[in-house]
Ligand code: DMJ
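The chain below stands alone and is given as structure tokens, in the form predicted on its own.
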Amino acid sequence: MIKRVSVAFSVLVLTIGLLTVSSCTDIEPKKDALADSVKTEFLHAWQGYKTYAWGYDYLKPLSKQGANWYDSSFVITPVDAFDTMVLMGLEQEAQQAKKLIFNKLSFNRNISVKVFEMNIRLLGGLLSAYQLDRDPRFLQLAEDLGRRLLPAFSSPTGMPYRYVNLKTGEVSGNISNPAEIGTYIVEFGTLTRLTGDSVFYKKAKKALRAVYQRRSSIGLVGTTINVDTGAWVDKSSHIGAMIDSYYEYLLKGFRLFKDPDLGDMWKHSVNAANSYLADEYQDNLWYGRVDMETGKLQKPWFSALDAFFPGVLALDGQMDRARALLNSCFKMWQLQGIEPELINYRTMRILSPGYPLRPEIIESTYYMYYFTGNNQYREMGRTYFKALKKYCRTDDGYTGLKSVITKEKSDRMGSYFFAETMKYLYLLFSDPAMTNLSKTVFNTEAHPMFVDDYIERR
């Protein structure tokens, strides 16, 4: 029988117990003073949510009001924030979030939801919360949600539809993309591990394999595909939105479950990406947008979302390539003192000027610091953190920017600000021994999952 443990004990486990020695032996286990500053800013943003959006999915900090994704709340911010609170040792806040989740969260609703978002945020958050806190109610909610998502995988190809009704199982959205098809193995595999029901792992792996099997002769995948017929709709290939986490989960699924099939798919896929998407231009490394069949460059575009890739490369041990690509990402950040959504990397012209509190460049910088111990990556982190406070901080939280050029603020503090942006900043400035990446895999929403469910059952 699993005995429930307190959040305080989970913090103890994370910091001095099972998430211990870093794989990089030359890192001195020292915490930067900015780690506490990040925690202070997390609390500032959380207080804004508590004051104006308690029980809602997210806060609109300029309007000082809460808002939901659908007609009613799934308390997405508390679920997304919970494991970050545990990592930071914020037990009181974690207990408050936990109480709200159990009082308010139910999936027995006649609502059609986006399967991808429910998976990475809510299923991932609940699974991580269970592994850290051990309250069985987290796992009960996770399993309930997982079973309600399963009808989405009923297509003829095994690739999931984009939407499913949580109550009726009715599906819709047959034009999908590799990211929304291939970003389930981490969460569904963990659910299989914790419940013993193999259906989740099998469905997620079948979906991943279905995309991989439809790669082009040169090994690339396109942007959109019909999940009923398996025919590609948009054959543009890249590492950005709608494809990004497909690559991420091939590697992370392999690291988490040691499945050699996933390892082979990752190896072949990343080799193709490095061969055809990588574009060295004026001594800088970028990844462009090409035709999936020919590899011919279509658009020299690079987005803020693409900045996840240096971290994935570092996780795979491709350090020289990861270092070069992150340096390019940092140049993108420096264009206006904070990162725009999209640029033409050959002209360095900004194509989309928004900044919705993206975490990806911070995520990659954390991975590079973890594996190298080079203080230049903490210095990069200082640049990010300073810019966030200067341009995105409000009286009641943080918000994105409509334009990094004018610095005009938008009015949304997405839940991933707590789950990812603040978490990766905190980890970057914390003792590197706080996490062990040979035993921990962060999902694409930065919820930690553990190899062999290795946090001890007491």
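Everything quoted here is computed from the prediction, not taken from an experiment. Start at 1 with the first residue shown and count on from there.
Heads up, the form predicted in complex with the named molecule isn't pictured, but that's what we're talking about next.
K.L.:
Taking the named molecule as it sits in the predicted bound form, is residue 118 near enough to touch it, meaning that at least one heavy atom pair lies within 4.5 angstroms?
P.N.:
Residue-level check for residue 118: no, no contact with the named molecule.
K.L.:
Is residue 359 near the named molecule? Define near as a heavy atom within 4.5 Å, in the predicted bound form.
P.N.:
Residue 359: yes, in contact with the named molecule in the predicted bound form.
K.L.:
Considering non-hydrogen atoms and a 4.5 Å limit, does the named molecule approach residue 58 in the predicted bound form?
P.N.:
Close contact is absent here: in the predicted bound form, residue 58 is far from the named molecule, nothing within 4.5 Å, heavy atoms only.
K.L.:
I'd like to know whether residue 101 contacts the named molecule in the predicted bound form, with contact meaning heavy atoms within 4.5 angstroms.
P.N.:
Residue 101 lies outside the contact set for the named molecule.
K.L.:
251, 113, 380, 305: which sits within 4.5 Å of the named molecule in the predicted bound form by any heavy atom?
P.N.:
It is 305.
K.L.:
So which of 42, 416, 426, 391 reaches within 4.5 angstroms of the named molecule in the predicted bound form, heavy atom to heavy atom?
P.N.:
Comparing distances to the named molecule in the predicted bound form, the residue within 4.5 Å is 416.
K.L.:
For the interface check, one of 89-97, 120-128, 168-176, 295-303 should have non-hydrogen atoms within 4.5 Å of the named molecule in the predicted bound form; which one?
P.N.:
The contacting stretch is 120-128.
K.L.:
If you look in the predicted bound form, which residues in 436-450 sit within 4.5 Å of the named molecule (heavy atoms)?
P.N.:
Heavy-atom contacts within 4.5 Å come from 444, 445.
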